[in-house]
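So this first bit is one chain, no partners, the form predicted on its own, shown in structure tokens.
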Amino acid sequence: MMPSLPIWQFDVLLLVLVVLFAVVALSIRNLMGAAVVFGAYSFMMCLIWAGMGAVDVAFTEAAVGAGVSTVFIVSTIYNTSATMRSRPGGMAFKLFIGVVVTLAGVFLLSALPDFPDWGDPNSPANATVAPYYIENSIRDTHVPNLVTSVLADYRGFDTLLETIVVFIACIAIYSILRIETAKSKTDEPEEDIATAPPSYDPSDSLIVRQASRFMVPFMQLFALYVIAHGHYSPGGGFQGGVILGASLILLAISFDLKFLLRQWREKPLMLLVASGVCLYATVGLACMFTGGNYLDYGSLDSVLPNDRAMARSHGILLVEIGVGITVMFSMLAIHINLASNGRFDRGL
């Protein structure tokens, strides 16, 4: 008889690495190195989520935490400094933060005895909520991926508000960083030497340009698959939208920001960010106009093919497309603002 795999040893190893990377990311003075360590931290968290069976969460952690978030940090460092500067009185502030974090940790740990044991079948989530989803998801929505059916159907209002949060975050970053006096044209004259970009320009590398040209179509094809196939496998609008946004960010990094802005100008970009939310909300309104409740996709059977269950499946696909559009162009707009320091002219 084959011995059981000691999976707990891998869990302990990953936990140790996560704590180690977190401490190093907080203590290292070189911010570029801290960004790299933070990406490694996110990748370890991705492995932990996958080991727990939360594959969709692991997918999101890999795309957002280890991928796009690291690019955002690097974009911010590009316009600031790569080295952390010490401040007078810094040790007292660190001690204060340490005390606050310790007290918060003790408070959270004190609540653990009130939670059910890990995997307890008699806990409320496992005894009532989860069995209903497992038994009725296929019948109600024709969506084998329970995560997609829960997020886009049973919890459709919550996902709509999450999409709105992404939109509001994009608008907030845009409002804070955007410089009103800067022109959005991509053919404006070169700036003076004091504000000139670094001497190394990735767009001078033929290898980088051609490699990105080769990779971007495959990234976008995979992202479309993730959105369209999120009903049957891990993925969905959020993950696919992040990958689509990352493909365009790759073009901005491998060529330059002006190259990207020639394809996606400022005003159309912000309109596209809002269009995803509008598509999601419009699907909900269409449900009401066809005799159902808001986001009750089953009522769309009069305009979508097949029965009510398949109409719910198609309705989920429509709202996932809306989520993907908002996330994709939000990621792109955030990167442009961070990389150009709000000027929409040049940057990382």
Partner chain sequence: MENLIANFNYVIVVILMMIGLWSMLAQKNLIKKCIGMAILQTGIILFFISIGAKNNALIPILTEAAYSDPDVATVANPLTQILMLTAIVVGVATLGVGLGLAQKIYHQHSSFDEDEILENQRK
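These figures come from a predicted structure and were not determined experimentally. Positions refer to the first chain, counted from 1. Take the two forms, find the largest set of C-alpha atoms that superpose within 1.5 Å, and that set is the rigid core.
Beyond the structure shown, there is the form predicted together with the partner chain, which is absent from this document and is the topic of what follows.
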query: Interface residue in the model of the complex among Leu146, Leu272, Cys278, Leu224, criterion: non-hydrogen atom within 4.5 angstroms of the partner chain; finding: Leu146
query: Selected contact from Leu317, Val283, Ala34, Leu300, since only one has a non-hydrogen atom within 4.5 angstroms of the partner chain in the model of the complex; finding: Ala34
query: 4.5 Å heavy atom contact, Val150 and the partner chain in the model of the complex; finding: yes
query: is_contact(Ile48, the partner chain) in the model of the complex, heavy atom dist at most 4.5 Å; finding: yes
query: Contact test in the model of the complex: Lys94 vs the partner chain, heavy atoms, 4.5 Å; finding: yes
query: Phe43, heavy atom within 4.5 angstroms of the partner chain in the model of the complex; finding: no
query: Listed range touching the partner chain, judged in the model of the complex by heavy atoms within 4.5 Å, from 244-252, 261-269, 216-224, 99-107; finding: 99-107
query: Within 103-138, the residues that have a heavy atom no more than 4.5 Å from the partner chain in the model of the complex; finding: Gly105, Leu108, Leu109, Leu112, Pro113, Phe115, Pro116, Asp117, Trp118, Gly119, Asp120, Pro121, Ser123, Ala125, Asn126, Val129, Ala130, Pro131, Tyr133, Ile134, Glu135, Ile138
query: Shift of Val99 between the shown form and the other one at or above 2 Å (CA, core fit); finding: yes
query: Asn136 C-alpha relocation of at least 2 Å between the shown form and the other one, rigid core basis; finding: no
query: Ala172 C-alpha shift between the shown form and the other one of 2 Å or more, rigid core reference; finding: no
